[in-house]
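One chain comes next, on its own, written as structure tokens: the form predicted alone.
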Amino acid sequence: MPSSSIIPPGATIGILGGGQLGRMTALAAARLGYRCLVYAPDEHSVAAEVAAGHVRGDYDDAAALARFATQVDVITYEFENVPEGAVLECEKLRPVRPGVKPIHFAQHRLREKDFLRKLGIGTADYQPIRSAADVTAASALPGILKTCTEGYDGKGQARVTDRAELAAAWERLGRRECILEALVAFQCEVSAIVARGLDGETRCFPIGINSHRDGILRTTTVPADLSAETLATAERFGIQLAQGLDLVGLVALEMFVTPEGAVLANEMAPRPHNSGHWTIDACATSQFEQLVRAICGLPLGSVDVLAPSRMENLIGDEANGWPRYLAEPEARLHLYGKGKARPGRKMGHVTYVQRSAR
């Protein structure tokens, strides 16, 4: 890799988005000697609280994006719904890693599924729902109807068992372009988080087992108690995805594991992922440091597990239990600095790190 592609410590990283993933990226970057500048439309953001600066602007404000981009050396994004146009505006002035291609697929569920299949990564059966005729012809039932864009944490989707329920759900979703995904009988969900550097090197963090409630990730446990073959398949799919996206940065791939051991991709996110928060306390390199290393052209860090762990999201009022978490020797508490707890809002997480026996 030519030295000119390396962005050394002391440089400034731009982050599109002001949420907790940007916050934890800025903290990891500071540890390596980088400054971060956050771009977000909100007057206040939790990422900006720990960054060197904050440029406020809408994602369609070309002048504000240019003012942001000229102050940094490289740009990344902390959520995949940054408009493609905003990334293209930034790319006129500075490298954006990862760029437009990953969010082009991640922002649209049907494009995403088609792309995964093209790469040879298995998925559940699915079909587009764009018209009443598609509803009449639907065969991926029972299934989950999802809007192709903008849904997250269980929003914008409905479980349906037959065409009548499908028709009613499609109406409730505003007759928008949707995807119908057949239900999968699965024993667990896992995620692979893969880093890919400027030189094409890839490293996959150890696979974690996830549990959800109400469409929101609740816990991730590492190491995953699964067969070596299943773990190898999950890792291979994650690496295939990173390579297929020509990605420089991180990508997370959530997958179902069936009772027979088959692995089927569910969805991807080209950024640090909630299921990788355990890496801050229980891995040689956190996913946030790995992102900084990748986008700056530094060597990728070790992904060795330091201790078995279980990460637990703190949703809404659960964050008010901080005194209890601080009193537990194995707990590592992370609060995101959000002002108001609301139902379904991720306020922080706690990672329980298993101490070695003496």
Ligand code: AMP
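Since the structure is predicted, the reported quantities are computational estimates derived from the model, not experimental observations. For every residue, the number given is its place in the sequence shown, counted from 1.
Separately, the form predicted in complex with the ligand exists; it is not shown, and the next lines address it.
Visitor: Indicate whether the ligand has at least one heavy atom within 4.5 Å of a heavy atom of G215 in the predicted bound form.
Guide: Flag for G215 set to yes.
Visitor: Is N266 close enough to touch the ligand in the predicted bound form, meaning at least one heavy atom pair within 4.5 Å?
Guide: So N266 counts as contacting the ligand.
Visitor: I'd like to know whether R97 contacts the ligand in the predicted bound form, with contact meaning heavy atoms within 4.5 angstroms.
Guide: No - in the predicted bound form, heavy atoms of R97 and the ligand never come within 4.5 Å of each other.
Visitor: So, in the predicted bound form, is A167 in contact with the ligand at a 4.5 angstroms heavy atom limit?
Guide: Although the ligand is absent here, A167 would stay clear of it in the predicted bound form, with no heavy atoms inside 4.5 Å.
Visitor: For the chain shown here without its partner, which stretch in 223-231, 198-206, 178-186, 236-244 has non-hydrogen atoms within 4.5 angstroms of the ligand in the predicted bound form?
Guide: In the other structure, the partner sits against 178-186.
Visitor: Just to confirm, with a 4.5 Å cut-off on non-hydrogen atoms, which of Q157, Q71, T219, Q127 contacts the ligand in the predicted bound form?
Guide: So the residue touching the ligand in the predicted bound form, by this definition, is Q157.
Visitor: Would you kindly say which of L119, I144, L173, L110 lies with a heavy atom within 4.5 Å of the ligand in the predicted bound form?
Guide: Selected residue: I144.
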